[in-house]
Ligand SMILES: CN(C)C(=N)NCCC[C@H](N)C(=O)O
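Quick heads-up: it's one chain on its own, the form predicted alone, in structure tokens.
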């Protein structure tokens, strides 16, 4: 944090923010929409009926995995651009200093398309899919399990329960996701100057050889710290919107 501030000022902490803001509504609507509708198909019960007739954890996991799989392909280009912009380091603007490689998210997307082709915008998509498919299943199982544990049978969970369950669901999913998140980010940065990895498996093997198994949990602390408040609010919004509109 100190190095980012010294080198790039406060603006360095907000790199790559515009595309996630532009895409978050679409990505979350795909995730929660696919999850709810897949659960409806599997159980034939609406959201309002699920407290009286709770679905099995297997159904919750399968619905979550389906949502995670489809979310990953909507998210892949946006996530790639975010990672490229966040990893681009340049000092505070100085007269005569060379401009950064990417001038912004649109310029980044256009540059990737021009230099790496359409497939370049989906670099790391397989790692992203492998990250999100099972971990989103874990995400929803953790949330539902905690809600059931602390809610009287047949009732809706309280706001406090939803906040705590959503927060811990976010932490659980990120702890599970971080190893593939590391690989995904490295694959996305590969090709920026020259190709280092032959594929996802080569990236994993090379990372272990050079940095040991601990490399797969790099960033897990900051991911978990971010996950609790973000997912607590996400689930509270989800529950209240479904109750109002259900």
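Numbering follows the first chain given and starts at 1. Worth saying up front: this structure is predicted, and the values here are computed from it rather than measured.
Absent from the display: the form predicted together with the ligand. The rest refers to it.
A heavy atom within 4.5 Å of the ligand in the model of the complex is found for one listed residue only; from 222, 11, 17, 230, this is 230. In the model of the complex, no heavy atom of residue 112 sits within 4.5 Å of the ligand.
Looking at residue 129, you'd find every heavy atom of it more than 4.5 angstroms from the ligand in the model of the complex. For residue 31, a non-hydrogen atom is located within 4.5 Å of the ligand in the model of the complex, even though that partner is not displayed. Contact annotation: residue 136 falls within 4.5 Å of the ligand in the model of the complex, judged by heavy atom distances. Figure note: of the listed segments 167-175, 153-161, 116-124, 98-106, the one touching the ligand in the model of the complex, with heavy atoms no more than 4.5 Å away, is 167-175. In the model of the complex, the ligand lies within 4.5 angstroms of a heavy atom of only one residue of 59-73, namely 71.
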